[in-house]
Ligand code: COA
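Single chain ahead, written as structure tokens, the form predicted alone.
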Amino acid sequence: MSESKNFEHLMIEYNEEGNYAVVLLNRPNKLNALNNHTLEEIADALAALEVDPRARCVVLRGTRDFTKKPAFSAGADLSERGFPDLDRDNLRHQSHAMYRRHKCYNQIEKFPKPLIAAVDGYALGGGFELVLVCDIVIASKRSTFGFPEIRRGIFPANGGTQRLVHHLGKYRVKEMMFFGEQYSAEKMHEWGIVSYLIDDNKFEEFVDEKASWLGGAPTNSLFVIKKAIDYGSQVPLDIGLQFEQMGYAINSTSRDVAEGVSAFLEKRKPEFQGK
């Protein structure tokens, strides 16, 4: 990593050789628990990386230097609940508080470049919901997932009840949320939430390999693929196919398309520039 930028609760590192950036949650003493400020920092960091040509892919992860146990994020920081300008006893204020948090998760989900969740350790509650707004999930075998909120009298309200049901169906999601149990990375891989399940000692190398590959891939093609899948899956097929047709037209003007075709015809490895 050649350069880093520090926020209050996170850091950004750049890997110039691999054309990707790493956003590290940096609250190791709290197992990278999420409060409102942390979520806003993640959204702000990604907004900056969206227009940064050095970051053609982004990895979101917990800090590598943990003080207690490894964690992507153990969920919401219950010691810092609420917004200081909102009344916790006012229902309308509390609905608006959730709107603000949803806005952060939505902004993260709409990040137009490939976003990898590199999960090593706990991904619980709001941390699990953070995983659900990423594109690719790489997990070490020692990782655990779950929604323990019910054990505190609350529930997964950062989009968890809505996003996860599209992946697993309502019966599995109700099981997870009703009982608040933790699930192994193996089970999440079996259920299709985890893209890659990796031995603990090979985790860092594998994350770098996949991020470097995406960082060197044709960025415009990845942009169109992500948009077509994320939005086309929300509409009827004939409308989704219109998205695909328009995406094809947009991508056809990319310099990387010309490079990819030329490299194929010339029997050489393409050198994509992300343009």
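Because the structure is a prediction, the values reported are computed rather than measured. Residue positions are given as counts along the sequence shown, with the first one as 1.
Missing here is the form predicted together with the ligand; even so, the following discussion is about that form.
Relative to the ligand in the model of the complex, residues 31, 74 and 124 are all within 4.5 Å by at least one heavy atom. In the model of the complex, residue 149 approaches the ligand with a heavy atom inside 4.5 Å. The ligand is not drawn, but in the model of the complex it has a heavy atom within 4.5 Å of residue 78.
Using a 4.5 Å cutoff between non-hydrogen atoms, residue 64 does not count as a contact of the ligand in the model of the complex.
Contact between residue 154 and the ligand in the model of the complex is found at the 4.5 Å heavy atom cutoff.
Heavy atoms within 4.5 Å of the ligand in the model of the complex are found in exactly one of 193-201, 141-149, 170-178, 89-97, that being 141-149. Residues of 221-237 include none with a non-hydrogen atom no more than 4.5 angstroms from the ligand in the model of the complex.
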